[in-house]
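A lone chain, given as structure tokens: the form predicted alone.
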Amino acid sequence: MQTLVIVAKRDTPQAMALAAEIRERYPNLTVLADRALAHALNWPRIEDRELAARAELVVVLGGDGTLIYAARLLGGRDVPILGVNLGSLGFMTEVPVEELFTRLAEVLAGNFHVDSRMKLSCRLMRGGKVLIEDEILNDVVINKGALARIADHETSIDGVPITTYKADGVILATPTGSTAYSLSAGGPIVHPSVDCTILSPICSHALTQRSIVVPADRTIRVTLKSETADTYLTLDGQTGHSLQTGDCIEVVRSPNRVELVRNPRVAFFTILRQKLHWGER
């Protein structure tokens, strides 16, 4: 690994100091940064596409949101991501800041393992045309605005009609995203090694409409059927798009994956116990 890309939480002095220290400790490496961090540190600013093309290792300094941003920046490239959490333990950013340089040295020496995380391919279609096509690590959310009424979401799997959710919205989550918004909507926690899509209505009018775990290779289509304004498609909590009646959102497993460097001292269920306070009274 000769080229290291740092992606940091914006406007965080600790992240800036750590990025500068990484560059100082490894003068023989090419250390680059995302545009906001490069601007703050007065480093050369490089376009996202070039960063993704040149990266051989990505170091994330921040939290899970910053890691999701880094994964989106890489597009479909299977570059290992070392997630360093600057606050409390994250679901994906497993390395505490005090272990940063120990873990980084191990990774640069080739002594590491990765969790290969599934992504979703999402397409927004309107009038038979593809308006948006993107890849998702966490979740695809169809949701109404503050004043919008309940909407009808006609849903099918591999062309087979499932139901029309009368609900505030619908979440389609990866196993990685099962501990995010999907969990709040009553969805299950799914181990990240299990490839599947979790389909969950948000505040469904019918109490019998619950979350469904769908094989990852099945294509899920959700069509907005009701006349409603102020409805949005949100991808990984990073980008939002206004929806119209008749819009169709199509989701299936992406051929690309995200490679997260594992912290050998932290297991997935350890993170669940700590983050969700299991066993506490």
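Source: prediction; values computed, not measured. The first residue of the shown sequence is 1; numbering continues from there.
Unshown form predicted in complex with a small molecule; subsequent notes refer to it.
Q: Heavy atoms within 4.5 Å of the small molecule in the predicted bound form: which of the stretches 206-214, 155-163, 193-201, 131-139 has them?
A: Result of the contact check: 131-139.
Q: Here the chain is shown alone; which of A167, M92, C122, M118 has a heavy atom within 4.5 Å of the small molecule in the predicted bound form?
A: After the contact test, the surviving option is M92.
Q: Going by heavy atom distances of 4.5 angstroms or less, which of Q238, T30, T223, T228 would be at the interface with the small molecule in the predicted bound form?
A: When the small molecule is considered in the predicted bound form, the option within 4.5 Å is Q238.
Q: Is the gap between A180 and the small molecule in the predicted bound form 4.5 Å or less for some heavy atom pair?
A: So A180 counts as contacting the small molecule.
Q: Can you tell me if S184 lies within 4.5 angstroms of the small molecule in the predicted bound form, counting non-hydrogen atoms only?
A: Flag for S184 set to yes.
Q: I'd like to know if A55 sits close to the small molecule in the predicted bound form, meaning any non-hydrogen atom pair within 4.5 angstroms.
A: A55: no contact with the small molecule in the predicted bound form.
Q: Since only the chain is shown here, I'm wondering whether D247 would be in contact with the small molecule in the predicted bound form (any heavy atom pair within 4.5 Å).
A: No.
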